[in-house]
Each structure stands twice: as structure tokens, then as C-alpha cells.
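Read on for two forms of one protein chain; each stands alone as C-alpha cells, with the labels structure 1 and structure 2.
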Structure 1
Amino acid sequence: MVKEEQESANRPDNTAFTQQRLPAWQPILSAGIIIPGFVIIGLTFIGIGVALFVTSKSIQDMEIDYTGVETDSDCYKCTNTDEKNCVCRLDFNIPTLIEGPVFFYYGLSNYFQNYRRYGVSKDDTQLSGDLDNFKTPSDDCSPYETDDTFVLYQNLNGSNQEVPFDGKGIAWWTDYNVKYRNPDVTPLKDAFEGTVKPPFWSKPAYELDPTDPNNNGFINQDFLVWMRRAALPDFRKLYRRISQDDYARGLPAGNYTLQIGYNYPVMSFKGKKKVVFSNVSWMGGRNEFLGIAYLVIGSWCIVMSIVMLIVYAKFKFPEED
């Protein structure tokens, strides 16, 4: 009797968990799942790819480089860094109506906003309007900004009609309402008492838009758009929207003149500047890569499923093991 009790005390648990007999799903790569799976994935991807490609093709997008590298461009005179407040004009033609709302972007190339030291050179606490940290930002802080300005004119019957730009709501809602806040001092200028404007800026923060207090200081929309660091060295940033008055349905075909206040020099680092007119769709801006990639992968899946079917039919090892 005693011996039996001792035996059962030492015997390990015989549950499913301790004896590793838990009920489980044991999938294996069988032909019945893989080959139809590949076919389904292939067909789905081809479908998605077609939708993306067609949508992307329907987006109209027009880029104009205005760096001024070529000597016959009007902006060449502005590449001389001694010229301050240089203004240059570019004439261009839009062949067909660009349907609205049209978005106007400025783009930079070879500009590394994703450089690590650039990224850490800001103090989020200061930018969120925290008065305590306002005058003593973190040591890494050394901001940069671009400040080209643009005005667009349409040439109608010999005279230039300005195309109205809408600069409201071009930055993310969360940036505007949560992340960046002005210090709670009116007038804003007083909050900056005792601070100095960053050396590379042409205007101090409290003068970014003196006409509109909701667009001044740290919550200036252009400032917010700029502060959203780009991931890659070639990027474009939203400047304005064209969606008002006569241009609500888009930019009609015709001749246009773009007047550029060229302030930001990029030649020193072989950068390029451009403006882009574009409309958007559910998939965002024009990007043919995704459509083509889906089509390619979808076709590859179909091809591989055929190959696997052939291999399976010919070489499957006898299952009557």
C-alpha cells in the first residue's frame, strides 16, 4: 500500500499540457492547399494591380524644375547667392484640363531631411508651446527652413490673372491641433522676448503670418508642413490647394506664368527644386510602382502555381507509404 502511494506521488502529471498532448492544428504544405492558394493570390493581386495601375494613370501630374541650372532659365540669376529676394518667372503650358482639386507642391531633391542630426535638431516640448521649456530648448536644437514663395498666374487674353491659392489645412490635423501649439501668450511676440530667431530663417516665428493669428508662430501651416520630416532625399511638400472660384473644377488648359520668390539656395549641395501640380485619388498621388508591382507578383504567382502543379503531378512521392 505504502509503495503504491509513493509511486503515485512521484509519478508526473498525466495531463495533456504536461505530457505535450495538447490538441493542435498541424498544417503541412500539401498540394491541395498551396496550388489553389497561389492561384487565388495571383488572381487577387492581378486584380488589385489593374485597379491601381488604371487609377494611377488617370492622375494628372506635372513637374517643373526651377533650380536654375541651365543658363537660359530665368531662375539662373537667382542661383547667385549674393542676390537677395530674387524673383524669377517661369512660363509653362498646360495641355489639358487638370481636374480639381489641384494640389500645388514644392519639391526638393538631394535634400536629406532624414539625416539623423537634422532630425534631432528640434525640441518638441518647446514646439508644443510649453512655456517652461520655451526659453531653454534642448542642446541639439538648430533648425533650418526653406522659404521660397510662389504666385501663379494664368495668361488669359494677354493679361495675367492670379490663380487663388488655399493654404488652409495643408498640414495634418494632429500636427496643427495637438503636436504644435503656440505658447499661451498674446501678442505672440512677447513670448519670444529674449530669444533670437534661428540664423537660417528669414523671418522669426511670430512673423510667419501676421495677418492670421491661427496661422502664426508654431502653428503656421507652412511651418508644420516643413517640420514633417521627409523620409527620403527626394520629396515634395504641399504648398497650396487650387480649388476656389473659377478654378474649382481644376486648372484649365492654357498658358501660365509662375512667379517664384527664390530664397533658398540649393546649388551648394547639388540639390534641385521643382514645383508639381497634381490631383489625387483614393490611392493618393501618382505612383505607378504599386500597380506594376502587384501585376508582376500576381503573374509570378500564377506561373509558379503552374510550375508547382507540373512538379507535383510528375514527381510526387508515392503516398502509399
Structure 2
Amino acid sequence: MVKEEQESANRPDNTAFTQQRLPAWQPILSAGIIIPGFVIIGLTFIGIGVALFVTSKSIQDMEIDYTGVETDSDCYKCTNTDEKNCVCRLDFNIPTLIEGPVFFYYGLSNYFQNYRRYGVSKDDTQLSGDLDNFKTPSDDCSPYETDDTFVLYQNLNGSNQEVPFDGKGIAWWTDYNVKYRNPDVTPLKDAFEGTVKPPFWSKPAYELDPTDPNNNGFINQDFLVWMRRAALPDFRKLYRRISQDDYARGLPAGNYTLQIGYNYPVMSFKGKKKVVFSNVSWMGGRNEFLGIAYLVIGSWCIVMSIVMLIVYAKFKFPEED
């Protein structure tokens, strides 16, 4: 009797939901539905792929290597790791207008930011502004190097006109407002008293931009962009936008000189360095893979619909009376 009462107490309510009596619809996937469905999906994907591929091709993208491997390059002298605060110049020509706004990236090859050992070599508590971890950071911390600096000049009538850079808002909003914070100490330099900068940094964190407290220390835009790890070993990171004054329409055709503060040695791991001038479209930056992927998948859908149509026409069974 007790067992029956326990079973009755544990029994679900006699409702359509608990007893699984809700009405349901189960489609019958016949050839008349599947084959047209594959055709519609294939044509849709092909249309999207063509639009993405054509748009990607219209994006202007200019890459310039400045690793300094060639002995006749001015940056060759900076590949010597004993050379400190090395500055080199790179002359190049832009044949046609790069329509604005122009985005200026620096790129690295054969650099694995996605390695776990690299990813954990920082102290998140320190980078969030906790003073307790400034002099006693996590054991996982290792010194890491800083990126290069750039100044761009346009050669006009025998003189160099500096191209203005806009470095605001190049980092992720969450990195700037949530993930990284400066310690609540004024001046910021006092928070770093008794500490030393990593060996390959050209300046300590509190001098990244001393003229602007909202762009200094751990919330410096360049620092935040670098700390956002790349997924692949060949990547580019946004350095500046070119969208001001005489260059609001873009970079006009002509001769240019790029002055590079070469702070980042890469020859030891067979890396490559480059700068990239590019604009964007409604789909973002240049990415031909996305359009090709849509074209391939759409084409396969069309091919499979044709195969299924042939199979259905050859092997279909007569309908029963």
C-alpha cells in the first residue's frame, strides 16, 4: 500500500505536456520538396557568394614588407638586436587614390599569439589595476616585446607633409572599459615605482601617452590592440585610421615615406613584418575566402540537386492505386 502511494505521488500530472500528447507536425521529406529546396539554397548561396567576392575584390589593399631581410633596405640595419631605438625609412609609391577612410595596419607572420604559453604569460589582476600584483606578479608572467611605431609623410614639391593619424577607438570597447584598468594612483608613474619595464619595451607603460590620461598605461589603445590575441600565426592589427584634413577622401596617388621606429626583432623566429593600407566596404575588410566558401557550397547544392533528380527519375517507384 505504501509503495502504491509513493508511485502515485511521483507520477507526472495528467496533462498534454507532461504526458507528451502535444500536437506535432512531422514533414514528409519527398523528392518534390528536397530537390527544389536544394536548388533554392544553392542559388541563394551563389548569389551571396558573388556579391561577397565582387565586393572583396573592389577593396583596395596595399601591403609593404619592412622586415629588412634585403641588404639594400634601410631597415636592414635594424635587424641587429644590439641596435637600440633604431629608426629606418621606407619609400614607396601609391599609383592610384586609395579611397578613404583608409585603415593603416601592421602585420606579423610566423608569430603564434594563439599558443597557450603565450596567452597565460600575463597577470590579469595586475592589468586590472590591482597594486598588490605590481611588484609580485603571477609566476606565469614573462617579458614580451612591444610593437613598432610609424610616421607617414607624403612627398609634395620637394618637402615632406606629415599624414595625420587617428588612433582613437581602435581597440575593443570591452578591453578599454572593462578588462583592463589603470590603478587609482595620481600621477600614474607612482604606481610603477620599484618596477622595471620589459627588456624590449622602448618606454614604460606609464609613458605610452603621457599627454592623454585616457590613453595611457594599461588603457593605451595600441597596447590593447596588441593584447587582443590573434587566432592565426599570420595576422594584421589596426594601428591608425587616416581620415582627417587633406586625407579625408583617402590617400592620393604620389610618393610617400614611412618612418619606422623599429623596436620589434623578428629574425630569431623567421618572422616577417609588413604594413598594410586598406579601406573597407559594407562587408568589412578584404576577405575573398568568405565569398569563395559561399560559391562552393552553393555549387555543391546545385550539383546534389541534379544528382538527386537523376536518381529519382531513374529509380522512382510507380504510385500505388
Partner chain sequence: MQAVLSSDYSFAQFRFLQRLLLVHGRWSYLRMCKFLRYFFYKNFTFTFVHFWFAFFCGFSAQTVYDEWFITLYNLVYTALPVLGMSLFDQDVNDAWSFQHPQLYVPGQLNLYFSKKAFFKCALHSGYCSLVLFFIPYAAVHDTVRGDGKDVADYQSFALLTQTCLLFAVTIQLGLEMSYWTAVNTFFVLGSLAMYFAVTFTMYSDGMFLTLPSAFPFIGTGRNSLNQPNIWLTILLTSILCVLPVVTYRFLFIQLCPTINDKVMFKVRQAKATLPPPPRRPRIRRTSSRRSGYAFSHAQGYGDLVTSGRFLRRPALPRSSGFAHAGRTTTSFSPMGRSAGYSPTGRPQNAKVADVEVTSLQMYRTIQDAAL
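No experiment lies behind these values; they were computed from the predicted model shown. In this text, the rigid core denotes the largest set of C-alpha atoms whose superposition between the two forms falls within 1.5 Å. Counting starts at 1 and follows the sequence of structure 1.
Between the two isolated copies of the chain, the form predicted alone corresponds to structure 2. The Cα position of A16 differs by 2 Å or more between structure 1 and structure 2 after fitting on the rigid core.
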